[in-house]
Each structure stands twice: as C-alpha cells, then as structure tokens.
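Shown next as structure tokens: one chain only, the form predicted alone.
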C-alpha cells in the first residue's frame, strides 16, 4: 500500500468545508455520516444526536431584536448605496458569517421590471453579484427571448448572503432579510416584479402556495408609499437547469409578462 504524506493546505480544507455547508465543529475530527455507527454494549446502535441546521437562529428574542433593528436601519436609507452600506454593517443574520460577499441587487435604478430570486449561489458569492453563474446566463436568455435586456432590469434576491452549501433558507433568515428587499422595491419603484421560484413568491407575497399553482397568475404588491406593482411568478432558472421540460411553461409566463408590459406602455 502506498501511503501519501502530502501536507494539508488548511485554507483549502476550510474553503472546502464552507462550500459543503459546514459552519461549526463539535470535535477534533469531522463526522460526516448521518448514520450512527456507534454501538452500545448490547451491540445495538445508539441513537444519533440531532444536528441542527448550521445557520438556524434558535433564540426568538434575538430574532425579534434583529428584525426590529433591520427595519429601523432600512428606514434611514433613501438610495441603494445607503442601503448597501447599512446591509454591510448589519450583523443580525448569521448567514453573513459564512458568506464571502454581501450581494445586493444590481441594474437600472429606474427599472420598470424587477426580478427577485432566492439567494446568491457559489458564483454570485464569489463575485458579489446576483445571477452571474449558470442560472444567470439562463436568466439573460429568458429576458432576451421577450426582447428585454438585463441592464434594463433590476435583479436581486431575497437573501443577500449565500446559505452554506446552497441549503434552503430558514424562515428566520428570510424574515430578517426581507426588510432589505422591501426597501429595494421601495427605492426602485418598479411597475412589474417577476418572482423566480417558490421562496421568492412565499417571501414577497406572504403566500405559502406552491410555485406550480401560482406561476403564470398575476398578483399585486403594494408598497408602504402607495405604489401598486404587478407581480408574476415563475420557476427559478436553477429548477429549469434540472428540469428542462418545464421551460415551455416559463416561456408562456414570459409572454404574459411581455403582453402586460405592452398594455401599460
């Protein structure tokens, strides 16, 4: 047997752990298996300890305080630059501790169309921009199919920080980040919002229905300053990369968006 005596690169190892969704350790050695192989004296397996989601916020009091702080800080912002500075300083959401970048939205600040996804992925976290990976390229093609340029839109996510390992965000994390999204909507004042995926729809419209049931239907979002915005939901580009047979449904949704925009011009 050949034994490899290669020195471990600690930084690369830590980067790998973060990419895999690890945010804390409970011993000197990693325990990757979810199946308990430890047996007691009778030869039976001991019950496995419950491992909670890395970023789940357990303290309800802390969540309430952090949410109140987020809302108060957002009220101070009048521009996207001010909002980003506030967001960078905000420490109420622990997702920030494992993310490489704080990813706000980007695009036209007077955009008529606003697109909202779930959270940054690995490429977005690395570059600090929304929708720049494979999903971003597909999204660009989706917009081009109805003669809309990316730079004409404003594109953002519910979460400005990538969840470790691209896991599903918790309700607490979504709640804490929502004020920053709502402020972006208030500043941009779009006429139309395209929600990409179930998390975006659930968060923005406070509606738990599945994306399959609500996609292609028109909803209305009302801002605190009295702006009424037409809202349409469709599948997230990441879902289309896994389920290409659903692209035809999204094409129909995009045509609905194009038609609605034409009505308002």
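Because the structure is a prediction, the values reported are computed rather than measured. Numbering follows the first chain given and starts at 1.
One more form of this protein exists, namely the form predicted in complex with a small molecule; it is left out here, but the text below deals with it.
The partner is absent here, but in the model of the complex a heavy atom of 119, alone among 177, 195, 87, 119, sits within 4.5 Å of the small molecule. Put simply, of 202, 236, 230, 215 only one has a heavy atom within 4.5 Å of the small molecule in the model of the complex, and it is 236.
Only one of 69-77, 93-101, 183-191, 125-133 places residue heavy atoms within 4.5 angstroms of the small molecule in the model of the complex, namely 125-133.
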